[in-house]
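Structure 1 and structure 2, given next as structure tokens, are two forms of the same protein chain, each shown alone.
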Structure 1
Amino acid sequence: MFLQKKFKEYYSRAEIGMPRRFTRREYGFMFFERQMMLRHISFSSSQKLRNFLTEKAPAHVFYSSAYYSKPYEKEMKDKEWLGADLIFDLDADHLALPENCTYERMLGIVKNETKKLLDDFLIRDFGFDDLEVVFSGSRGYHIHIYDREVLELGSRERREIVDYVTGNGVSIELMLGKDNYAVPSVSEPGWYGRIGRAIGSYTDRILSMDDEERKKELKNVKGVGDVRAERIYEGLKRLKKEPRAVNALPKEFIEHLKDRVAIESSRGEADEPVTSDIHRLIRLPTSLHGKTGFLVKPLTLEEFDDFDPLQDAVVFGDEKVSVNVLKPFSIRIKDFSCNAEEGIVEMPEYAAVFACARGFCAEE
């Protein structure tokens, strides 16, 4: 099988990054020839894991966020849980994407949301400093947090962290004031400052528009017509100078500021079941993703800023390979792009691996 052969070649030469305290982790695998997961596996040495990967060439490789005394036990209660890393999973499946969004654009949107989660919440608000970003190999990113303070948190505490990030339960009335509204200072910590920055940024954007563009934008708000749009414009100019001028804005627009601007534009994205699960299996960094052939790539914060998955997560060569296109598709990876129709097509090996993994092609 073409994909399994290529994966075997990769694992035979790759330097596999070992997780911290790797002998305390549970490992799981899925293979090309069957759908069931093989799990409850542990390895006493890095060489044994490397040998397994080279011999079996699995399509997907996972390891537990948790540490166990006996990771090889089949029942969770027998593994003897010792703690777990805090994991965040940002995947395109959980984001509101534009219609007909391309794979390339989708990756950019997910990266922006990941950066927001990192900078605004995990680093600025929580102060985590022992963390790692990992490209999932397909549609998103994982964030691994190793700070000692999180290791023994239970599911409920981890769920509360997700609630904070997503704004679940945030009281906008408390932050803006129940009757006498005032926009919080942008220098305030936590959600207060976040709401102040969101409203300030929105105000700047509206004020920078020309008359026609501004009216069109404001009239998208329920209950706003030409007259109220002009009143809102004058109100936002006052708001720029005086935080309490929000009270001069129409009631309908205040509700818009509270719901659509202050909360929705400020909230972070996080997959709650992943973060709250203290036994979660997550993809092993430096393994390959069986649905793309891309590297599950670990990144420092500095590397993350300039990271381009379609360039930097590609591990296979550019030798030409002929494949049988089963259904038309478009692709852009590294310097190669094409709009392929059904039939035999020649393309670089890295593109052929991706296309076959996605089910667009089969080996000729």
Structure 2
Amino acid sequence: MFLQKKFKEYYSRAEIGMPRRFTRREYGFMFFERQMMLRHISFSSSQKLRNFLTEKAPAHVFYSSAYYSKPYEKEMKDKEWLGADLIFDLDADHLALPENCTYERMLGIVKNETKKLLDDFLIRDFGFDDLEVVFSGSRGYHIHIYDREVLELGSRERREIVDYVTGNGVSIELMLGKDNYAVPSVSEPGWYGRIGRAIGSYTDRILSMDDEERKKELKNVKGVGDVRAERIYEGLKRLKKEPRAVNALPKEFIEHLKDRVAIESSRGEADEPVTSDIHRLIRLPTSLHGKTGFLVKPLTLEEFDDFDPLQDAVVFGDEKVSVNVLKPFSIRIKDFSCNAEEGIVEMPEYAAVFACARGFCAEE
């Protein structure tokens, strides 16, 4: 089989990046000819994993974010959990995408969300410095955090981290303060500053509108009619000068500012079940994704900035290969682009691998 042969070629020459403490991890594999997942596998040396990959050329390679005393045990309770890296999974499937979004555009959107999560939350607020961004090989990015102190966090604590990132449970009463009821300063840490900045820029935006525009905008808010819109406008004018004037705004409107303005604009993306799962299997960096043939590529933060999966996650060569197109498709990878119709088509090997992995083509 073409794909498996190509994967085998890759694994026989590839530098497989071994996960930290790789002997303590559980591995899982999916193959081209079988549906079942083979898991609860462990490897005592990096050579053994390499041999396995070269010999079996699996379609998908996973390893556990967790460390175990006995990673090979079938039952979770027998594995003896020792700790787990903290994982974030950003996948286009979980994001609100515009209609008819192209693959390239989608990758751009996911990249921006990943960047926001990294810069605003994981680095600035949480101060993580031992982390790795990995292109998932398909529609997103994984972030692996290895900072020592996170390894022993349980699900409950990890869920709290997700809530932090997504702004779930942010209390506007606490943010505005009990004794000193006021919009928090823009320079305050965490959600305090985010709320302060969001309310500030919202106020500026409303105040810069003309009467009609402003009325229309404010009346879009649930429960706001002409009278309330006027009251809110007066309130915002005062708020611009004095953060304590927030008490001039209706309570429901402040809730609206928190939920629909501040949290919606500054929250980060996080897939709760992935991050809180302390037994998760995740794709092995430097392996190949069986549904695209792309490299699951680990990136430094500098590399991430300029990373273009359609250039940089391609590992196969450009010699011409003939494939049998089963259903029409169009792709653009590296310098190659085509609108393929059914029938025999010639294309560079890297494009052929992608098209076959997607199921558009079969080997000629």
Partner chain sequence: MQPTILAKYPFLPEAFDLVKDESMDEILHSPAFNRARELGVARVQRALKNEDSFLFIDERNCFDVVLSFFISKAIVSQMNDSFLLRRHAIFEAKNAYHYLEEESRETADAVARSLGIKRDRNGVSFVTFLKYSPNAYGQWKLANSRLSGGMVEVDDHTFLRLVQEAVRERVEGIKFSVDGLEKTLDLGPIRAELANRKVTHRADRVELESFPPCMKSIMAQIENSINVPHQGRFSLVAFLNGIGMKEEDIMKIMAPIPDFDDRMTRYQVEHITGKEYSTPSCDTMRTYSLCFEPDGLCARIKHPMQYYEYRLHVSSKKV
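Rigid core: the largest C-alpha set superposing within 1.5 Å between the two forms. Residue numbering: sequential along structure 1, first residue numbered 1. Quick caveat: nothing in here was measured; it's all calculated off a predicted structure.
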Could you let me know which number goes with the form predicted on its own?
-> 1
Spell out whether the Cα of residue 230 moves at least 2 Å between structure 1 and structure 2 when the two forms are superposed on their rigid core.
-> yes
Taking the rigid core as the superposition reference, indicate whether the CA of residue 166 shifts 2 angstroms or more between structure 1 and structure 2.
-> no
Comparing between structure 1 and structure 2 on the rigid core: C-alpha of residue 73 shifted by 2 Å or more?
-> no
How much does the C-alpha of residue 186 shift between structure 1 and structure 2, in angstrom, given a rigid core superposition?
-> 2.9
C-alpha positional change at residue 242 between structure 1 and structure 2 - rigid core reference, Å = 6.4
